[in-house]
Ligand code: FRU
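Single chain ahead, by itself, as structure tokens, in the form predicted alone.
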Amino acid sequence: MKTYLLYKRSITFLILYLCISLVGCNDDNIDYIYDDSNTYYEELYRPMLHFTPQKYWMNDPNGMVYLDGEYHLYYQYNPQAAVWGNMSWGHAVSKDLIQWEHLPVAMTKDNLGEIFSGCAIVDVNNTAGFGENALIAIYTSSGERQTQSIAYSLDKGRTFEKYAGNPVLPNDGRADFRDPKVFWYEEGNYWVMTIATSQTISFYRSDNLKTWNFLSEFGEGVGAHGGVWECPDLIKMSYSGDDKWVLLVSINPGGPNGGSATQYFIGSFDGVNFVADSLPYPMWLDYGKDNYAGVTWSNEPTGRHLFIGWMSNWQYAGIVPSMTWRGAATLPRELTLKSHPSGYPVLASDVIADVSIIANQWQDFSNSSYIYDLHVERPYELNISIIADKNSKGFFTLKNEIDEKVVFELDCVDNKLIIDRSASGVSSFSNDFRMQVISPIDAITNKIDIKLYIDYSSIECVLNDGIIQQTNLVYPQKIYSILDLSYLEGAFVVEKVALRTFDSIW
């Protein structure tokens, strides 16, 4: 069965690639190619490792919560077309964060507006009066003005009843007033809401999730302000035995490589005010073009801080090639605080170890040659360890048989990793997509450890245990199956090349 699906997928790859080549790749042409048939297993670019909706448009992850053995992933969803609009909450569940079950749409628009981004919590103490362990969604109603509403579920998140008293937090006149993320503040025994308010983050408190009082506002004069702040998340974490609070803030535009990105702040929170430590802001969770609007799961049973983002960029999200769907999620990441080589704390993000559930055995390619035929037809993880002299520059490539390629340049002189996807496959739909993507390397020693997660339409690059990340979409005709290390110049020594493929989760 798997061989048959791979064959059908290869034929689809070829047909759609030829169509794109003949008619070009602007938005009108993509709509012309659009196919609304049930082709989930054979669509060109459909990820295998990454979550996608069965069909139509998705963007921000929403309402991420764990309850009774299930991780819930709600998400911004258009149930009518593969373009942004008619915002609702799509829904999927997983027992392992890797294999997902699609469920019916959870919430759709009402007289208060479309259902924009938000969160979900488990009301263990029945503070809202809807029932013990009720799953409660807190979301933005996008009507004439953005307001905050709640809905509750007593059937493990399958269906929701919207609160008759909505909105629970009216708008005080702001044009941007959205994306609530709520957590239980144990030291004060009340709920805290973080909410995006134009180019700041505002904090509110409540005892019952229905009545909210303003606490404070953060953000003026600190961090990146090139665009609107969105999707905040305030997380209590540990660093060197001390408690730290980390505030995630998505921004669009204004990212380090243009368009959408997520910055973060590290500091303290006393139940009223968040105060950022003096650090070299802006600090970025991911330097790639395609990791945005991510937040963490609430009620996570293992105590990990688990994160997932929307794998796209508003510069081109509406015109990327697709068939029946448009939009995907990153692989789930675990967030930890680690020390930067300069000594200050940074937020590290690494793909969760749970991905091993569907992984095959490692294959060691070390010391065999500088050009590796990886013999892959399915998504895989590639680990490369390099000893690099500080005066060295070089590059390596991932490519396929028709020379579609992604180039990774290691510039140890200027401490830069440069990823070039201009020849990665279909890329003419956006000049912003074709631009080089640059991040620091930030090696603690002269050793650079690179982990690459390659799917049919994305590469997630993790450096040095997650201190630096780049997540980038790609659209090749076939998956990259050749690794070329022959252009590493200077004092580079390749210590390790290892690969493991992943089994199908379809």
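All residue numbers refer to positions in the sequence shown, first residue = 1. Small disclaimer: the values here were computed from a predicted structure and weren't measured.
Form predicted together with this ligand: not shown, discussed below.
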Q. Looking in the predicted complex, any heavy atom of R178 within 4.5 Å of this ligand?
A. yes
Q.
Since only the chain is shown here, I'm wondering whether A293 would be in contact with this ligand in the predicted complex (any heavy atom pair within 4.5 Å).
A. yes
Q | 4.5 Å heavy atom contact, W84 and this ligand in the predicted complex | A | yes
**Q.** Exercise: C231 in contact with this ligand in the predicted complex, heavy atom 4.5 Å
**A.** yes
Q.
Within 4.5 Å, heavy atoms only, one stretch in 435-443, 53-61, 463-471, 66-74 touches this ligand in the predicted complex. Which?
A. 53-61
Q) Can you pick the one in F160, F274, F116, Y287 that has a heavy atom within 4.5 Å of this ligand in the predicted complex? A) F116
Q.
Please identify the residue among F183, W314, W100, F395 with any heavy atom within 4.5 Å of this ligand in the predicted complex.
A. W314
